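First comes one chain, alone, set out as structure tokens in the form predicted alone.
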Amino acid sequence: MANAFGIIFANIHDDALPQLTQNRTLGAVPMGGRYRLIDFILSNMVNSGISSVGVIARNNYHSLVHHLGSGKEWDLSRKFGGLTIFPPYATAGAGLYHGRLEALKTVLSYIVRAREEYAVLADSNVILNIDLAKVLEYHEENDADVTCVYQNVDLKEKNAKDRVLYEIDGEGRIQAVLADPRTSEGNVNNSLGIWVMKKDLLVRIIDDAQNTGKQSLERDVLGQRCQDWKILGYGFDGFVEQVRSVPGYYRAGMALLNADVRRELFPRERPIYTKVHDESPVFYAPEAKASNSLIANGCRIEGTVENSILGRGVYVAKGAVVRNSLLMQGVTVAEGSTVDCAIIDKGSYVSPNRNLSGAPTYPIVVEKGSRV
């Protein structure tokens, strides 16, 4: 896989989580107590042998830069290749980019200079563990122009807003690209936001977009070239969650409490890497109760925690109850309070004797640094 470089879009889906991306990019949003969303696709690339990765940021990227650093945790701190984080370059007279094609224009020189023959493009909102070397092998064996990774799912939503669906024939060739379809139910081929193509083709696509004003890679390029290019679909049938909304983020987080999901997402041979923080072990008071939860280092548990995920340094006071919730770093739940079906961002404080209760389909969201 050393013959491919990676490009990750860190901000494309920021609008999906407006309450959590006011001060950070989507790629830097916490997941699973100790990880960030970008860790999953970045680790997939590294585990597949990709040693050159560019991360394109748009705004609110300071947390992302702090998390990724030099890329040491992903073995990407190198003299040649390695990790490159691109700040939000603005094009002359146009301001910051809006779509993937505009984002790629800002890093065209990086792409042109890349030594590798192939490019792997990916969004940062997808949680999965995929061997991208197999995707590239499939791409090469079938002499494809573009290979798009998808999953066949039973879509129960009548409105497939923000989704991209592929119509695929019996030979695996994509015949149509449906962007933001109004109605889609039943089994559909849902794009996972991962694409493979030759570097030279990518450069031509960017040049053409620059001349014609195209913004959407899937709608304006792939959707218009289905009959001219050999665009193939690569089906992935493992565990996948795409963060497209607050309920989707909540669902993805809670899925990690399932042992089968954790075994599939975090296999020993293909680990998910992240920045390591040195913290003291979790402290459980004698009266504390904890069950079916993931609790990060540095937490202090004096109350009850059930079916929840707690980031580093969370404090659950005596008599407090946390159920079915996602609490990020440094959250305090004071004595006598109950938190159920909630997402509480970093550094927030829940005052004594409060009751925060949402629903799995509509969890309560407490923004960063709030006092409730």
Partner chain sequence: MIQKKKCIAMLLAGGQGSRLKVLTKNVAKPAVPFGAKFRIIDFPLSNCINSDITVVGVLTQYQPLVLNRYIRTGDPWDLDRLYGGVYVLPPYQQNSGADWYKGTANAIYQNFPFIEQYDPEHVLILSGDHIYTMDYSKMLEAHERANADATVAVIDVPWEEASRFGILATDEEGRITEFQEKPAQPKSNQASMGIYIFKWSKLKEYLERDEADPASSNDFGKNIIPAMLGDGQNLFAYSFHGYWKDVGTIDSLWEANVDLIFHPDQLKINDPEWKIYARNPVSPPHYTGNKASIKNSIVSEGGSICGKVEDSVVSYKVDLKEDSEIYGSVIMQHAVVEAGAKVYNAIIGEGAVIRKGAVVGAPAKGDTPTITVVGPGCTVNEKETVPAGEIIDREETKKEGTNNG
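Source: prediction; values computed, not measured. Numbering follows the first chain given and starts at 1.
One more form of this protein exists, namely the form predicted in complex with the partner chain; it is left out here, but the text below deals with it.
Interface residue among Lys289, Lys134, Arg204, Arg78 relative to the partner chain in the predicted complex, by the heavy atom within 4.5 Å criterion: Lys289. When the partner chain is considered in the predicted complex, only one residue from Ile174, Val126, Ile295, Val221 comes within 4.5 Å through any heavy atom, namely Ile295. Here the chain stands alone, but in the predicted complex its contact with the partner chain, taken as any heavy atom within 4.5 Å, falls in 31 to 39 among 54 to 62, 31 to 39, 336 to 344, 317 to 325. Although the partner is absent here, Val112 is not a contact residue: none of its heavy atoms lies within 4.5 angstroms of the partner chain in the predicted complex.
For the chain shown alone, Glu279 is a contact residue for the partner chain in the predicted complex, at least one non-hydrogen atom being within 4.5 angstroms. Proximity of Val196 to the partner chain in the predicted complex: non-hydrogen atoms within 4.5 Å are absent; the residue sits far from the partner. At the 4.5 Å threshold, heavy atoms of Ile272 reach the partner chain in the predicted complex. Taking the partner from elsewhere, no residue among Phe86, Lys214 and Val246 has a non-hydrogen atom within 4.5 angstroms of the partner chain in the predicted complex.
In the predicted complex, Leu257 is the single residue of 241 to 260 with at least one heavy atom within 4.5 Å of the partner chain.
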